[in-house]
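As structure tokens, one chain now follows by itself in the form predicted alone.
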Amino acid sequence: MAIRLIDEKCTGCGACESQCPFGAIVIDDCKACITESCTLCGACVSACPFEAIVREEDSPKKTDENKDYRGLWVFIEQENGQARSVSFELLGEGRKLANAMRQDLAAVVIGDRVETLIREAVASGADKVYVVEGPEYSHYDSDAYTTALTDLVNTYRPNVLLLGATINGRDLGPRVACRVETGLTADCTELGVDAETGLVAWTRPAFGGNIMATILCPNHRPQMGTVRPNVFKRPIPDYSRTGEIIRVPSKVKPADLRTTLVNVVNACTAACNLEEAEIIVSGGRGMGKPENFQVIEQLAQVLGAAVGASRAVVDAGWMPHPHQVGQTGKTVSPKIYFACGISGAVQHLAGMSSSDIIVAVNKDPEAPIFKVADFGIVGDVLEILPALTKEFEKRKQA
């Protein structure tokens, strides 16, 4: 779709300029000019009293070209030969989408010494695995991975490409989308198939998490999106499955790499590795002040848990953003989630409600968090948490 200005009809009245919510129209020499900031929202079309701005659909040729794209791909993100859990979560959900769309499910593995990852991908539902292997992929590099994945997309033309909304996925996805000239829906929390068009329906938080927007990509391929970790359950692997392995030679040259990895510093300890944690102890504004978070950390240390926080705590500067759980933070799905001094706002629940067991501690018996909790303790967190820590320490020593 495109927005076109009919010069001979434009009078430069400025009606479109005042109605554009993105400031994408300027009046120059008594004529409207549509700039690169245009989002194709169409507000200017209805605002023009002279019908000088029209909306044009993409040509039938473009629609026919899209039919050449087949298959649903999942990018398998790995570090030191270990795949991120979100990759397998996407294979599980991708299997459902591929079946609904009657297309093959393929995994894309880029790395060095990746035989184990290939077996895991097939066992998790992949019909095909595209493999690009070499020492230049031993650590994530924006240039190397972008070049490799872009080449795969241009060569094999997938219909859909899913990536995890991780640090690397959020870097890689937009780069590839730009090079292949398609759109990308970021930070999705739900996937589906639109009944009318058969397109992937990408659902993500919008306007600070106050609404959920569902987005379609009708005119460009592949349909691309990043999906938050822990939104979907990881499938049970079936190692009896077999799949087609397609090995693609690396086209990355040393001259293509603009950076050199000097050293790796693990600044984030296990305490803030929320997405992989089996137990999380989170605190909210009910903790009173930042110094009181030491009781959260003490309980987490005894349990071998990660430390989480609500958005209010992060906004107040009590905890750094990597610890934030919720719609605008990380989506987690641990075996046990302790919500301490957290009231249970909808935005926070969206990030942790899929936890297997939720334990809530709050002095307000009417707090919304108790409606989703499996176990609830009404009382002062500063009294209850030290008691829990002491009791767990006894059990641990026994």
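All residue numbers are counted from 1 along the displayed sequence. Note that the structure is predicted; figures quoted are calculated from it, not measured.
The next section is about a form of this same protein that is not shown, the form predicted in complex with a small molecule.
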In the model of the complex, the residue from 94, 229, 222, 286 that sits within 4.5 Å of the small molecule by heavy atoms: 286
Option touching the small molecule, based on a heavy atom within 4.5 Å in the model of the complex, out of 189, 182, 298, 328: 328
Joint contact, 344, 363 and 367 to the small molecule in the model of the complex, by non-hydrogen atom at 4.5 Å: yes
Stretch in contact, per heavy atom within 4.5 angstroms of the small molecule in the model of the complex, of 25-33, 66-74, 345-353, 39-47: 345-353
Interface membership of residue 380, the small molecule in the model of the complex, 4.5 Å heavy atom rule: yes
Distance check, residue 78 to the small molecule in the model of the complex, heavy atom within 4.5 Å: no
Touches the small molecule in the model of the complex: residue 312 (any heavy atom, 4.5 Å): yes
Contact label in the model of the complex: residue 324 to the small molecule, heavy atom within 4.5 Å: yes
